[in-house]
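So this first bit is one chain, no partners, the form predicted on its own, shown in structure tokens.
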């Protein structure tokens, strides 16, 4: 760490930690935004700071209240509560107007009347010459702008070298001469992203800007605007991109999957939080299952990697299964309420018994119905399903009849049936027994099922199996 970097960190430590997540309500809450929110939240909690929710809704054409509702509800579902907000940019237009007027009055910004077609021609000409496209500055020195004409407001970008210290990437340099005069507002009460975010971060006393690597090219523009407005520069930390398992760019299939989609697919919020935390950050000890409390206690920006963070759906499924197994049966039954038929909730005790023996097989809450439906209603199945390997039907039938007889003494049934299986063969005995109870090729073991179903239902299902074999 350089001396100047140490100075930046030292200055940051002398004031209250204040961070923010600032989503635009132009789409649903997705993985990238959720991870940024989590890292900001963990940093704030670890440092005793403040976490702020700011809704950047100045894009009136694309912003929609349904998206804001989704963002707010799913941040809450993940457990990422905020200390301040939600603030909305659409309610702060007076503040932006004040600063835009200041830039215009101080000759640090100007009205630009260039048509889109003209700007596109400029861009194509520069690209054809192998140059980085930027605005020519044609309107920069217009001292008598005709405000009756369509226009935008541009910032006079100083040509200099911007150097900032990123807490993840170290020293970062940009030549602003390659950027040109950027558009900062459509009009006095319509700021664009780079200006609005600079003003909001200053007004909200944001100490650290923790965001995705895709924003790093915006940082020099924002630093130049901060300098022009006399604002203090926050500390920056740019998170690594999320990559596919083969380290290529993450496909849209997953990038466009919203947090609400994962929620409806039966992922637990604590599992998703654990998964998101490990995408680009790791604890000091090599562990994969960490509670929210452990994440808060151990989180540090120093342990965020520079390289891309790999998205692994198999790992998410595994983590989700781990958290499902850790839940008490009563709590898991409660979380399953929106994933199962309503009639299954009528006998809570019966449901809890099923949950207790099946939870180790569940990776997602949506798995439950297909795995345990046979407890509530025995599915129709072919008689051949009862046959183990090439065992003769007569042997299977004899084994089922013996099991039926032994099951009448329900308290001792397991020991007696196991003794039978040892003498006649486990496969030949336990396969048809399990299939008779579940009607499925794969299910949990027959004794676990038997205990949940009880004596009457167990005998009834054995009778059905015997009848199937006899009539086939």
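Remember, predicted model here, so these are calculated numbers, not experimental data. Residue numbers count along the first chain shown, from 1.
Absent from the display: the form predicted together with ligand GLU. The rest refers to it.
This chain is displayed without ligand GLU, yet in the model of the complex the stretch 193-201 from 193-201, 385-393, 243-251, 356-364 comes within 4.5 Å of it by heavy atoms. Site annotation in the model of the complex: the residue of 70, 428, 414, 56 reaching within 4.5 Å of ligand GLU with a heavy atom is 56. Among the residues 215, 108, 169, 134, the one placing a heavy atom within 4.5 Å of ligand GLU in the model of the complex is 215. Taking the partner from the other structure, ligand GLU in the model of the complex has a heavy atom within 4.5 Å of a heavy atom of residue 22. In the model of the complex, none of the heavy atoms of residue 208 sits within 4.5 Å of a heavy atom of ligand GLU.
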